[in-house]
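Have a look below at one chain only, the form predicted on its own, in structure tokens format.
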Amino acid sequence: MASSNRTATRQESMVPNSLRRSGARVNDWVENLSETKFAYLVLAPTLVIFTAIALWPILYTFQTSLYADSFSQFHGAFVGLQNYVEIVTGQRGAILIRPFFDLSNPFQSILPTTIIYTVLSVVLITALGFVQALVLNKTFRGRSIVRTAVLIPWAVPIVIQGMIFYLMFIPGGFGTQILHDLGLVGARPLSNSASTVGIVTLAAIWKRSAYVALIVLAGLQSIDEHLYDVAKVAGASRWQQFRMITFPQAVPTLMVAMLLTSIGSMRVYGQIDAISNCSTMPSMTCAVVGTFNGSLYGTASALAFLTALLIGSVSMIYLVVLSRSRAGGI
């Protein structure tokens, strides 16, 4: 023991005084940091690496979008923002199968179709997921079996799910017969853009409502049971308990579920491709894949960057609303 202490003292004496003073100043600076600043300091390397990995593909896509399409090389001539201008103003009719933005026929246009599908799927998936979560939050016999059964659609691969809905809605299919008898679709629903949007939305509800139910269920189970006890003592009805306790407490979780559903809907590709082969339901991701497969890298990059911009903007809106909700502003 004494020998090891003498060795440590000898090693310390070999360190230059200037270096020891610098180390002491760093230690003092770290010890004087607040807990928040110390947390940022510890997380800084991870944040720098994560930011670099996340931003580099986006910046590279933006750089590629500034060049013209060229079949002989990856980058054609530098054209600046011309790709964006021609896409948004509809001057890419010869390249894009459907117009990017045309409100006169929204189900035939890329951006309106994407927005319509996103709004429909987010509203319906969130509503159905919320109802499922309310049911699963109750205690009843066989609840574990019901929970497992609800999760089965979520576990089905997208390609298989697409094949199921494709076979259901081909001419003479099970789903086609039912909806055609109700007068909701024609005899060939997948050849019509509006009915294809409805079928793809139905497939999204079938698959993703269980995922939303799980997220919301976690939020419902975190509600303090004492709130309900107090409400019962005060004579509140079940509807009043839902309106004053359950729903307000579930709003932050619902916002998170809506954010994830919105992102998933705006970048959906597999379901549309598997059900309609992207032929009757134009979307931003179908346009990106179609132009990229056609070696139109400048146009594909511009469409991909516009898609990322749309997803980022919607995500920021959700995060602002969610932060205000948690702060009690809503």
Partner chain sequence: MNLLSRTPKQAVEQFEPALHEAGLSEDISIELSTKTPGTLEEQYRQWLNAGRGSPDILTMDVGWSIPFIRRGQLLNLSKALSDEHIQTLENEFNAESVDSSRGRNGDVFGVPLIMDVRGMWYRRDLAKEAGYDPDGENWGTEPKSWKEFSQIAAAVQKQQGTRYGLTMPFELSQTVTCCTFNSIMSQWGGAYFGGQDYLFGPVGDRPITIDEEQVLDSLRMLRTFMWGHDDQHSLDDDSFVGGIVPSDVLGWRYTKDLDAFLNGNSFAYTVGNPAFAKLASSESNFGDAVSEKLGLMPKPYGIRETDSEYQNIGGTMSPLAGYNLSVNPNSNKQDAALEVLRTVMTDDFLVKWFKLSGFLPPKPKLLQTKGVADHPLFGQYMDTFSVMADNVIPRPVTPIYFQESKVISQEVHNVVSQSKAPETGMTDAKKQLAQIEESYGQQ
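Note that the structure is predicted; figures quoted are calculated from it, not measured. Positions refer to the first chain, counted from 1.
Same protein, other form: the form predicted together with the partner chain, not shown, and the subject of what follows.
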Hey, of 72-80, 146-154, 132-140, 237-245, which bit sits against the partner chain in the predicted bound form at 4.5 Å between non-hydrogen atoms? 72-80
Is there a heavy atom of Arg188 lying 4.5 Å or less from a heavy atom of the partner chain in the predicted bound form? yes
Answer yes if any heavy atom of Thr291 is within 4.5 Å of a heavy atom of the partner chain in the predicted bound form; otherwise answer no. yes
Using heavy atoms and a 4.5 Å limit, would one call Asn277 a contact residue for the partner chain in the predicted bound form? yes
State yes or no: in the predicted bound form, is some non-hydrogen atom of Ser265 no more than 4.5 angstroms from a non-hydrogen atom of the partner chain? no
Site check Tyr166, Pro171 and Leu296: each within 4.5 Å of the partner chain in the predicted bound form by heavy atom: yes
Among the candidates Ile95, Leu227, Leu124, Ile116, the residue which, in the predicted bound form, approaches the partner chain to within 4.5 Å (heavy atoms): Ile95
